[in-house]
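Given next, in structure tokens, is a single chain: the form predicted on its own.
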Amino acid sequence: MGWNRKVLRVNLTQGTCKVEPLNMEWADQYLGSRGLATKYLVSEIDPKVDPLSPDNKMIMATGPLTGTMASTGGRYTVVTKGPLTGAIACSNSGGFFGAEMKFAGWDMIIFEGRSPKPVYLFVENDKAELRDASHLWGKSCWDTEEEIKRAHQDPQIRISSIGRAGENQVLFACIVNDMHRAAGRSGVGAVMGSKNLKAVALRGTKGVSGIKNFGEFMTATNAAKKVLADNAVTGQGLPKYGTQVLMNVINEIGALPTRNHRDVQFEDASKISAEAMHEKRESDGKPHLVTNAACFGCTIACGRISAIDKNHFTVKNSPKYWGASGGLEYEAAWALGAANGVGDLEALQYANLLCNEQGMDPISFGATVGAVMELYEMGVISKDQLGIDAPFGSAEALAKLTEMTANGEGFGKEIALGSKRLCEKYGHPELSMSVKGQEFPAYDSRGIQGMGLAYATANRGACHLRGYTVASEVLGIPVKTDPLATEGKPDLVKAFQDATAVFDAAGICVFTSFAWTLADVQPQIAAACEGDWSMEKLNEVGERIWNMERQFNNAAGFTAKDDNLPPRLTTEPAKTGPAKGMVNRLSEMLPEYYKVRGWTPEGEPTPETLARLGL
């Protein structure tokens, strides 16, 4: 539909909801979702603002393909200044919430200020109002969603909410929609909690209209769906195994970070893999995986729906966790599992359920537990402090620490700080496996060199979704490159970063890029949106978004020194696997990356680059 051309501005301090027109000049330059919302944010807040103060703003935004017939057109983003990092935060989620926002007639919702009491926003097409949420404060995301649907007598309402983690301002709290999809990273849920905003509930019945050329759009989307269906990854691997298809693959190539990145291969990877999720359990004869699931408009269906073993020690006395619910994705299975040396699939699912229930990013949480376990084994943190023995490999410790962090109890309050602050507090900052304060995802950059550069330069802190060179370095998409080589990686990283910005801004899922290039996306945008959307323009839009985010971070105080990796990855060689004896050679790649980007040696966009991009 292109754009609805409408923005809802919610002033939580004053309790007002006002309509304003979308800035179409900006839409032409930044497309939508991640790009357009970031433009609004950087135009309205001080880059040095305290992320948890009322002066920070939080924006929920759709893209021009959100809610349309484009495959995976269900995405929305939450853009704010992130409390985990102090950098720009843009967290992307699937499910059905984004499409519902579009159906209600809105491109974007801007939240500003802080409510004096807990509230939730209820939007029904053109009607928007803040409602009291005092009775919901302290409740989980699951209970909040059920209660709002019951109160409005409408099971079709789509809801994004925070659990106790967001209320307690856990610095990696996320915003959960549709029970188990999430805007997961950088602590966007903590910002929502700081504003006393419990939930956003949407009901839209306007449907989709305004596609520029409907016939061309259907031709383009049908052709693109065929590309997804015919591709081995998006047509077969992801539907059957989900992102978990990567567990054994990444372990075999020696790039599965294990025990807080001390090792690059996990001896129990097969026990927590996609294949293991398909196997029947000895205890009850049932497989862990119940079915796959799809977000709105998705023809891939990589989501996992799992049922935990009712006899497992974590849930045998907790029937509420026995039903089928959101299952382990690769990143969560790695962070809760290999990062801590835990090879108990059911324990990982229990921790995953608690992350969904109370709204925590399992990547940052699991990676922070990895740091805690290492500090415990070093004798820096004691059993008395933790309330439990916590060596690497302890499923009991994982379960207990998840409960404590989700509920804001005991040592859970320390874990809630994230690994950077926790490790600094206990005198070992080098043990935080993070960039700009955000914990690494599930790829060790000693075994996949390009990912080291992608992590170091990602605008929102360590992130795989901002430049997924694994596609090229491991899977050979769109071309195969050597994961252990550094040559050509600066160009590769830039290309992935710019293209991903366009996928995000369009409102589609980045997983389509396993099969699609921008050449598959361009005809869909060109047919849906008014104006000229050539390949040349889209490439420039992606580069413009990246540089705008970089400008914000530089203004917030980040410098080239923050484009770095922990010393473990650059000085401690991998012990096993194809990368044995290797470290990440970031220092070889970073200067060349700055040149490719058109930045100074200090990592700042040059005046020429800014002028070319209209920044």
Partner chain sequence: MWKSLHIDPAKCTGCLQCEMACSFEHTGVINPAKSLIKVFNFEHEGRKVPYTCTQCTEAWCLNACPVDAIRIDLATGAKMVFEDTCVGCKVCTIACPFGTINYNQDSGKVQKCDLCGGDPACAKACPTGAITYVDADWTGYGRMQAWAAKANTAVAAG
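Residue numbers count along the first chain shown, from 1. Everything numeric here is computed off the predicted structure, so don't read it as measured data.
Omitted from view is the form predicted in complex with its partner chain, to which the following refers.
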Which of Phe296, Phe496, Phe514, Tyr426 has a heavy atom within 4.5 Å of its partner chain in the predicted bound form? Phe296
As a check of understanding, the residue in Met548, Ala579, Met58, Ala70 with any heavy atom within 4.5 Å of its partner chain in the predicted bound form should be identified as Ala70
Have a look at 159-167, 457-465, 390-398, 299-307 and name the one stretch with heavy atoms inside 4.5 Å of its partner chain in the predicted bound form. 299-307
Report yes if any heavy atom of Met179 sits within 4.5 Å of a heavy atom of its partner chain in the predicted bound form; otherwise report no. yes
Is the gap between Phe214 and its partner chain in the predicted bound form 4.5 Å or less for some heavy atom pair? yes
Report yes if any heavy atom of Thr205 sits within 4.5 Å of a heavy atom of its partner chain in the predicted bound form; otherwise report no. yes
I'd like to check something about Arg421: if you look in the predicted bound form, is any of its heavy atoms closer than or equal to 4.5 Å to a heavy atom of its partner chain? no
When its partner chain is considered in the predicted bound form, the residues of 328-352 having a heavy atom within 4.5 Å of it are none
